[in-house]
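Shown next as structure tokens: one chain only, the form predicted on its own.
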Amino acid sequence: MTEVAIVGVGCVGFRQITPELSYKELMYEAAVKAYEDAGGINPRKDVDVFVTCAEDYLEGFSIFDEFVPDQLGAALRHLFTVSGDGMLGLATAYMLIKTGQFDTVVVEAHSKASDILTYMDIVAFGLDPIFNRPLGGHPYYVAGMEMNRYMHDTCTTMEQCASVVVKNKKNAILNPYAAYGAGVTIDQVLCSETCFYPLKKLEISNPADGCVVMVLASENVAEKLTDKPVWVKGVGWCTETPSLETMDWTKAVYTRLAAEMAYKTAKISNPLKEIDFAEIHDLFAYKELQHMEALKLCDYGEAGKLTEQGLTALDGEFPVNPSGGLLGMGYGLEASGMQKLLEVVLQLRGEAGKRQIQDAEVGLAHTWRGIPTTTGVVAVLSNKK
């Protein structure tokens, strides 16, 4: 079966607010950059399939893909919507190319969070309509409950969770695509407002506007378009139970199962030794630690200690979220997985600037679709075929 590579990337954003740009303009600018990066391809002639990742409730339109073709150059072409995170779009593109029927697929995901007036109402609408939604309240109370249980069961401390915020926001200062880079201290994090006990205000990612477009190609086409292909070695995805009453409140089971699938395809047996760095979903600070353990980058209950010791710092033995993560870049809604992929691609191509990880050859991207879902996706990428 043919190998699959990412041959072009384009990004606009991420910023706290973009009043001067519509979502269509964000998509158009990112697409133009991606096509140019992929050897100057013509989307009207050189692309077989287009994939957009969007949720109608977030966009404010029903059947959102009707509003997609023009700005991607996809009018009257094969195009469909994945109602989920952008990395599910990557998985879809990967499988399409693996069939041997398609050579070039474009994946798009974006966030225009600043246009959404009732975002938390949309999140709450995803809760179980019988048992959970009638309870009312801000839906992030779920994160507070999970964080409390996770910390109790793993003996993770508040300081260790806060150290994730310090690390990621510091990394984001070096990232021109990041909206929330800052120099903060552990004390500042701990003294910030408690929003959903024990979750602090600075431990919650703030939304951001932006768009990422990627061009994927089969082996033969990829090597003609670029001299820096980034190969997709394995992809895995999983949706665990959506029920708060039956989900695991201390382990990210969806991430573990998705990682096992990706590692099997990529032939990874020891992730910490065979992967050089990771971009991990950190909508909440404690989730980075929980996801590290589920990704088998450390044993259960060890992530907090390793982060506190500096292992996951930009200059540590295993950098985690060199981009600044979602805490630093901003939460890109359905584009959050694409934010992770973007950083991995830039690192593997040696184009990450001052945050470049030396001699990086294999990177991991991970995403979670956020509360109240238990959907996770993992991808292993390499600059070596």
Partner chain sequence: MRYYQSEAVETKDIKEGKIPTEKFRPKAKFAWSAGIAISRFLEELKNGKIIATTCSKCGRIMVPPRIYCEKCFKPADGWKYVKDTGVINTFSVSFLAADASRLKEPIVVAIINLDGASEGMGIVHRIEEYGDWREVKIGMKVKAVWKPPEERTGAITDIAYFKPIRE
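Positions refer to the first chain, counted from 1. Being a predicted model, the structure only gives us computed values, none of them experimental.
Separately, the form predicted together with the partner chain exists; it is not shown, and the next lines address it.
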Handout entry: Proximity to the partner chain in the predicted bound form, single hit among N220, T99, T246, T118 (heavy atom within 4.5 Å)
Key = T118
Exercise for the section: Could you tell me which one of H291, K200, K112, K167 places a heavy atom within 4.5 Å of the partner chain in the predicted bound form? Expected result: K112
Exercise for the section: Please state whether every one of the three residues G137, A179 and V189 places a non-hydrogen atom within 4.5 angstroms of the partner chain in the predicted bound form. Expected result: no
Exercise for the section: Using a 4.5 Å heavy atom cut-off, state whether Y300 contacts the partner chain in the predicted bound form. Expected result: no
Exercise for the section: Mark E25 yes when one of its heavy atoms lies within 4.5 Å of a heavy atom of the partner chain in the predicted bound form, and no otherwise. Expected result: yes
Practice task
With heavy atoms only and a cut-off of 4.5 Å, decide whether G73 touches the partner chain in the predicted bound form.
Solution key: yes
Exercise for the section: Could you confirm whether I371 comes within 4.5 Å of the partner chain in the predicted bound form, counting heavy atoms only? Expected result: no
Handout entry: Stretch in contact, per heavy atom within 4.5 angstroms of the partner chain in the predicted bound form, of 325-333, 312-320, 25-33, 348-356
Key = 25-33
Practice task
Would you mind checking 44-69 for residues with a heavy atom within 4.5 Å of the partner chain in the predicted bound form?
Solution key: R44, Y57, L58, E59, G60, F61
